[in-house]
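A single chain comes next, written as structure tokens; it is the form predicted alone.
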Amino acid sequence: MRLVFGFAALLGVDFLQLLVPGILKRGIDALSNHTVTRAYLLELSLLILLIAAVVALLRFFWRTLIIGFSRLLEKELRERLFVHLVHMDQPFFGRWSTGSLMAHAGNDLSAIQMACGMGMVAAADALVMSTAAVCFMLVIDIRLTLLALLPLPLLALSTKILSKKMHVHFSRVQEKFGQLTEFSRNALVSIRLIKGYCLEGLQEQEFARIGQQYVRSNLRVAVIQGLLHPMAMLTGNVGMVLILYFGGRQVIAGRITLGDFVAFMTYLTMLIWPMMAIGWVANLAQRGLTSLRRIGALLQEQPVLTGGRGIIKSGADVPTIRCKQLHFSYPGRRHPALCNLTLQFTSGVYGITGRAGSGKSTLCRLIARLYPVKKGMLYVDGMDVNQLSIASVRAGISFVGQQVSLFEDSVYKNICFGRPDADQKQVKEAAKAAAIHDYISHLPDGYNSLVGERGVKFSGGQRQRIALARALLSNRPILIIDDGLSALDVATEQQVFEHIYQQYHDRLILLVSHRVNLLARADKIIMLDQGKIVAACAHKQMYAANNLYKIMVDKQQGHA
């Protein structure tokens, strides 16, 4: 309905503008025949002023309604895109860079908004104005009209050729913009590393190189834009020259009146705008269509990770997790990350250790349902995870990784992120359990202190403890700590783990670590190597049976 009223107002503007040349014709003919009076001229002048006032009012309405529609469309697309992205899985984000996704959410949506806003307005306006102007011109003189339209096929041909090239070059512009955005994001996130290695100059050179490629792509688009507008102007001016010469001869010969000639020239002037609009609309349309295809391709992406409709029925009890010949490979990698793992987790503390790349983190990610697994390989409470809803499985798991994710918000909001209804007392208790309460209390704003982007205002160990407090506050039956205590000093680590061990021992805790002091407290230690289980037993038995574990213990305890 918004568009209907908007286009109605736009058509009203076009219709009223087309009346002005007719009014001018009446006045000029009256002046030529010496039959004009002051009252008649005043009447015509007031009529033109009235038309101008109504046009201004209607123009305000169509701009508000139609441009407003394009903004609402942009909003809906942006929200749909965001919802789609937050529901995608880890394999998707492994294929798409953040910079590329930001380019889709920025430049592409803006191009669609322009195409559906001013582009749609210009197209409708050009169609109505050109059709009506040609009709009025035909009424005045058919031969002059055909003569004025003689250069149009040249404009149509050039627009068709240039529009195809516009599509190709604009796609490259968007790709380069994505690369530039991703490089900037990486540089800012890694600014400490860059400064630590004194690589500012190298980063500047690389940024300048990508920026130069982006500029070159934009210049190719600018060349096409630069050709479309002059071609339209040339077409209109050639028609104007032809009418000035041949139409002037018609007036001299008395075949048309001077008023007809002025009205014809006015209509032809109105026709120049649609000719110019052809190039502009073609430019906006190609940009919009290119961006719409890119957004469409992104929205058509479907998560590889899917689940069923089943729900875990264990309630507050700790669910049993069972791996049966669990096998997993990351997309694009030749060697599997996990090979035929068979094991079972119930309540208690399980330590998971092994060399780098042995599959420790992969096992945790699969249990947390971050990656898909084949049927019959992973069970929760006796049900295949592929039959359970993903949300049902994840709702029972708190996850703390080595690479902590903190939002640019207050400490309080970051801790209660997984449990927004928690009160201040519960948040502080979780912080105490994670040994971070005292530090937070000494901050100028306490729990209201901002952590900065990605927690930049805090050290690695402090970020891990905030993330751990968030996980503990969530109070879920399964707690996965994937090397999430690695940045803590030994004393703090022991303090934190002692609390976890005492308060959460009746739950299921999966602890990935190389720290022997932590592993020794686990009820069972699982040693992985090249994706396989090489040993699974308690600390003493593991020390006696596994040489790698024995070396780890001796080195860390100073026996080597």
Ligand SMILES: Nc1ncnc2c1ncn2[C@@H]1O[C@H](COP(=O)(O)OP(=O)(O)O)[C@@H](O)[C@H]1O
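We number the residues from 1 along the sequence you see. This one's a predicted model, so the numbers in the text were calculated from it and none came from an experiment.
Here the subject shifts to the form predicted in complex with the ligand, a form of this protein not shown in this document.
Peer 1: Quick one: of A337, I224, I140, L109, which gets a non-hydrogen atom within 4.5 angstroms of the ligand in the model of the complex?
Peer 2: Only one option qualifies, and that one is A337.
Peer 1: Tell me, which of S130, S358, S398, Q286 has a heavy atom within 4.5 angstroms of the ligand in the model of the complex?
Peer 2: Among S130, S358, S398, Q286, a heavy atom within 4.5 Å of the ligand in the model of the complex occurs only for S358.
Peer 1: Sort through 205-213, 291-299, 97-105, 365-373 and report the only stretch with a non-hydrogen atom within 4.5 Å of the ligand in the model of the complex.
Peer 2: After filtering at 4.5 Å, what remains is 365-373.
Peer 1: Could you confirm whether Y412 comes within 4.5 Å of the ligand in the model of the complex, counting heavy atoms only?
Peer 2: Y412: no contact with the ligand in the model of the complex.
Peer 1: Might Y330 be said to contact the ligand in the model of the complex, defining contact as any heavy atom within 4.5 Å?
Peer 2: Residue-level check for Y330: yes, a contact with the ligand.
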